[in-house]
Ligand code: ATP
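A single chain, nothing else alongside it, follows as C-alpha cells in the form predicted alone.
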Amino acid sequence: MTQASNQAVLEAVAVTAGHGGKAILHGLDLRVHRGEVYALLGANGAGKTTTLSLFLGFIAPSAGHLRVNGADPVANPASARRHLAYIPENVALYEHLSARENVAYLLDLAGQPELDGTIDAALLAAGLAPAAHGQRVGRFSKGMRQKVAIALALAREVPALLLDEPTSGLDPQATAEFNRLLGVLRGRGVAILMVTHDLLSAADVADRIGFIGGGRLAEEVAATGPERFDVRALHRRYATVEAAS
C-alpha cells in the first residue's frame, strides 16, 4: 500500500450546510490525503451525500470552507471538478455506446484529448476484459459499468475520486474486485472518499474510517497492523453513532 502523504487533497473545515433551510452538517471537519482511501459511514440523513455534494459544488456551505486540490468548489466549481472524478451508486453511461466510446466521449467533455492507447490501457487497468471494450454498455452488469467509470478516472489522472455507495448491489467477488481497483488508484496517489453503509467492505479497503452523526464527524479510526481494523469494535462504534443521530 502506498503511504498517504500529509497533503490534503479534499478538505472541509468547520462546514455547516443543508437543504431547504434545514442544516444537516454542523461544523464538519474532514481531510482526505493523497494516496488514501477514506470511508465515511453514517445513518441515512447523517450528511454523507451532502458532503459529496459540497465537494462537487452542487451546494454551498453557510459557514466554513472547502478545497479540492486547492480549488474552491463554491467560488469556482468548474475548476474544482477538473480535479476529481465522481462515481454515483448507479453509474450513468450512454447505453448505446461501447465502453471505449463512453470513455472517449466523457474525456472529450472533460476537455482532455485522447492519446493513442490511453483508453484501452485504462480499461485493461480497470479489469475490463479486452473483448468487452467494444461492446455496448447497455449489456453490462453493475460491476462492469463501475470498471468503465474507474477507467475514466484512470485516463483522466485526477487527484481525487468521490464514491457514493460503490459496493451496493455487488456480489462478494465483484466487491473484492472493486476494492482491488481502489488499491490501484491509491497506488497512483489518488485521494479517495467513499460514503457507504458497507462496514465490512470499508474495513477491507479503507486507510481511515470516519463515523458521521448529528452532522459532525463523531470519530475516526485508522487502519493499523496486519488485521487493519477490529471489525467488532467498528460495529459497536457504528451502532453508537447511529443511535445518537
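Numbers follow the displayed sequence, beginning with 1. Nothing here was measured: the structure is a model prediction, and the numbers come from that model.
Although it is not shown, the form predicted in complex with this ligand is what the next lines describe.
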query: Touches this ligand in the predicted bound form: K22 (any heavy atom, 4.5 Å); finding: yes
query: Exercise: A218 in contact with this ligand in the predicted bound form, heavy atom 4.5 Å; finding: no
query: Exercise: K48 in contact with this ligand in the predicted bound form, heavy atom 4.5 Å; finding: yes
query: Contact test in the predicted bound form: R208 vs this ligand, heavy atoms, 4.5 Å; finding: no
query: Candidate stretches 64-72, 178-186, 37-45, 199-207 - the one whose heavy atoms come within 4.5 Å of this ligand in the predicted bound form; finding: 37-45
query: Residues within stretch 148-165 having a non-hydrogen atom within 4.5 Å of this ligand in the predicted bound form; finding: E165
